[in-house]
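The data below hold one chain only, encoded as structure tokens and taken in the form predicted alone.
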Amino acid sequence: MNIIVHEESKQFHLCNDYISYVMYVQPNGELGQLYFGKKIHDREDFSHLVNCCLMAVTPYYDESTFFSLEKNRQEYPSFGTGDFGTPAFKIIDQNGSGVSCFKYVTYSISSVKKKLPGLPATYADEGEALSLEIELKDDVNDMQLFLTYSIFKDYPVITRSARFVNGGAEEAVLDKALSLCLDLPDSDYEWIQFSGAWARERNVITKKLDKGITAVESRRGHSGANENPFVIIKRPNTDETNGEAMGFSLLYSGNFIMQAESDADGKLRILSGIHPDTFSWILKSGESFVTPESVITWSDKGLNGLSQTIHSLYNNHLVRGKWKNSERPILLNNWEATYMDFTEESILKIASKAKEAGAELFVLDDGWFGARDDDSKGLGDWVENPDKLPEGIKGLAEKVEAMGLKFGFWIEPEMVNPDSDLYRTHPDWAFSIPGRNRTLSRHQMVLDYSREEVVNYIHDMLYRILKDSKVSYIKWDMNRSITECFSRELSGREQGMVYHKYILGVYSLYERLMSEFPDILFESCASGGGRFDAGMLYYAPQAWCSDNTDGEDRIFIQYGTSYGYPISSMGAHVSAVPNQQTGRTVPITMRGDVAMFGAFGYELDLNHISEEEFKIVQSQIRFVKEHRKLLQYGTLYRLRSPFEADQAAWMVVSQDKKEAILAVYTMRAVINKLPGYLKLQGLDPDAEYKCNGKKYYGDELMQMGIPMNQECISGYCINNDGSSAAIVFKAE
């Protein structure tokens, strides 16, 4: 790991054992990009990579050398002085001009990776990363720009963010401030995005990059279920095991854009950051603005290699506190068992059966507070309903703990029902525009978290409950997108700041509660997967993957999620059948075999299943407890995609390669056809693995594969509709 600075050529080379990242100071003083990819030898001068040639109708900064911004790759481009691609930022001066030119001033190198104020970011201990900060300045308006880069010792990863400082005497408007621009020399890539909607999140969609713009984005006020702030570009021949790929993650939970732009010369520009359509930030003299962190991941070992890097990076350098690399408790949530119709007695009956099954945590979902008998009222009134909980959360938690279970409960602190005491007292605390219709979703409005007093009020209500109660888990939900985004606290000119200030308010509440209650496990939720992003993992180490708990649909959802997020982050439960969302009846064996590859739990009343199914539940829980570390933190290999076949498979392998668990799922059987072979990955080729009395060498499992029939996988039948198996291999 090194950051090499060549003073004479004004070039910077960030490198470790895997990658190199090279940039330079261009003739106009701005930064340019020269190389990113597999590690290369250093040299004093890489300027032979700069394009300087005479071309028709090209604007030249320097006609004597034919240096053109348009024909060369930029590091953090502006618009209006020769580069005609999409800019990374835009500053509007007092005179109305949007043209900037940030020229190189100096640099600094640090072995400390600094926190980003008010924002999530990866972190590193001494010796684990190096950071480079490059200072640039616009001499006309005295604005300063600080570009920060970090390279980790053990990962093919570069992180980036930008900080703007208004050093001038006049106010300026930051109209666009992206986190990342990466210019690449060619556009021979395929683009992978993870798109969907509520209950069908993160489908894998691959398309060839062509001339023009390809993008995913959100203007919903949160990252959203429709698109995800994580994308991949890969070479056309790259697959799960071989070839070059790059991943781009934005550690942000609000409005975002991820964009690829291929120009007429074949260059490719990747951009990511806060969506500029809903952003305009006023910078007064002396004030600064910091963009969210963007993470670039590189792999020459295919998509599995890319995902494995991201999983390890997030588990070790994003998730914090007690739950970093900790096994997740097996829980039972009462939502699909009771919805809001429950009493303390009925809840304790469900919890008792969960304890008998072997669960470790009981979670009380929506309906415990205020006048909350349905979703039309009570939201925002975080006071226990005495008719349901006569001794409050404190009393219920004590009774659940007395059973030998930990206790947790559900909140939705960012929302309010108009039919609530909170709204009747403070209607101006909810987003709405005077004189215009208010748009409701799920009968609720969004609280204005850009206002500190609102965040403080909600904090104090929750703190009152948590400080005296034995609470081990919080499910933090968020069930609607933002409309009428208008804060009555801010002036008309400041309304472009509201979306970002809102998510900063959410982050601040998380940070306060995490600091005050460091042992609580927070799980984020947004109608399931509507805010499943890396930014949230900094605060909540796991997220409810989707409201869709259908055993077959979850194969697709969790498979797609695994490209950019670790298994330990995926909340995955077994629910009742027929499934609430799809009406489909999937065997409890498959439902369990899917959910165990995540933060495992149940979402049903175990008192209402058959004795045979209850024994299966007990067996599933025993299996997860025995193999939990491997299931949640093993190295994941995707083997067969459900998006390409009617059968899916993945496996996890221990770090020492002595144990592996293979999972196979058949959604639709194919009649009168040989089942074929499944090649495993990640094993020790020379080790002999035992599976239910049979032995296989690692090399034969990986090179020859397993015939997918009943006899050759030790008695597991996986060729019928709805069949599945979780198969353990242990080295002798």
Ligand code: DGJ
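Since the structure is predicted, the reported quantities are computational estimates derived from the model, not experimental observations. Sequential numbering from 1, following the sequence displayed.
There is another form of the same protein, the form predicted in complex with the named molecule; it is not shown, and what comes next is about it.
Take the named molecule as it sits in the predicted complex, overlay the site C-alphas onto this chain, and none of its atoms lands within 2.4 Å of the backbone or a C-beta, so the site here is open.
Not displayed here, the named molecule is approached by residue 527 to within 4.5 Å at the level of heavy atoms in the predicted complex.
The closest heavy atom approach of residue 501 to the named molecule in the predicted complex falls outside 4.5 Å. With a 4.5 Å cutoff on heavy atoms, residue 600 does not count as touching the named molecule in the predicted complex; it lies far away. For the chain shown alone, residue 442 is a contact residue for the named molecule in the predicted complex, at least one non-hydrogen atom being within 4.5 angstroms.
Just one of 113, 638, 71, 475 comes within 4.5 Å of the named molecule in the predicted complex, counting any heavy atom, and that one is 475. Distance criterion of 4.5 Å from any heavy atom to the named molecule in the predicted complex singles out 479 from the list 579, 299, 86, 479. Remark: of stretches 365 to 373, 482 to 490, 304 to 312, 237 to 245, the one touching the named molecule in the predicted complex is 365 to 373 (heavy atom within 4.5 Å). Contacts with the named molecule in the predicted complex, taken as any heavy atom within 4.5 Å, map within 334 to 353 to 335 alone.
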